[in-house]
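Below you will find one chain, with nothing else, as structure tokens; this is the form predicted alone, and questions on how it binds or moves follow later.
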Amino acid sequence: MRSLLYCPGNTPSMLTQAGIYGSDAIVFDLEDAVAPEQKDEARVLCGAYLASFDYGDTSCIVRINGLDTDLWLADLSAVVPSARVIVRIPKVEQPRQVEQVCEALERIESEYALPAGSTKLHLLLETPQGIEQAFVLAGSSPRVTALAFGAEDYCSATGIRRYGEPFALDYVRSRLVSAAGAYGIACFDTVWGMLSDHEGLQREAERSRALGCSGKSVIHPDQVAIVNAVFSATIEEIDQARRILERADTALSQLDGRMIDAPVLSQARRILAKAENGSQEGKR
């Protein structure tokens, strides 16, 4: 996945149109985008749309309410039976939180005769505690297929200027990328909140890709094309990957002055697989 478009879970028109903007995934939001008095309505709407509406090849993710509320279990019960959803858990800080969700998913999957372990998880890390637990959380369950960064709470807690120097969040991105890489899962960058600043979005997306992020969450349809372009392999990258793999079958061990060894071959294969099959989420 390159682009993951957030969609408020309480707006039927947006739920209907969310799949037309070209994002690789839709994140149906039951948390921050929904006012407290509309939580129940949003939950019912999301469950109904996921069960009956055709989003084609677009991946469907639901950000449930936090585990510090009394809403998250009802959220799971409403959306998991559709058998097509990835669950995004907000503000994850400890493995026990992942365990709680996994225990609930086991019960729901059993109740609805879904394959055990079929519901996958994205862990949204938004606090200093969560960031520092990234390696433990990435390996906390086979259900976890991605880590995602949420910058606003992290910046509030640390005093970092969210839209200041471009390198201000390099540490967080690098830590999450490393933790995700250690377990063979994806890492998705935080949203860009300045909706009219497309140049700023492109710069940040390019930086997060350079640091190893798999893709980026977005909050407006206008941001989708920019993020898709940044996180897609370029023609030059694809051509070089093909040449590397062709050279690997010969006795020569370098190309254009670059040594070709096992890690280089592995990366070339990933680039071609991504280009040929579409941008896919990292899997264990």
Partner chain sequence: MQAEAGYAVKGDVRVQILTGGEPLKLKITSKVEKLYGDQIRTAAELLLQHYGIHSGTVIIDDHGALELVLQARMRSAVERLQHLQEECP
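Being a predicted model, the structure only gives us computed values, none of them experimental. Numbering follows the first chain given and starts at 1.
In what follows, reference is made to the form predicted in complex with its partner chain, a form of this protein that is not presented.
J.: With its partner chain left out here, work out from 42-50, 216-224, 24-32, 57-65 which stretch has heavy atoms within 4.5 Å of it in the predicted complex.
T.: Every other range fails; the passing one is 42-50.
J.: Is Gln38 one of the residues lying within 4.5 Å of its partner chain in the predicted complex, judged by heavy atom distances?
T.: Gln38 belongs to the contact set for its partner chain.
J.: If you check in the predicted complex, is Ser13 within 4.5 Å of its partner chain, heavy atoms only?
T.: Although its partner chain is absent here, Ser13 would touch it in the predicted complex, with heavy atoms inside 4.5 Å.
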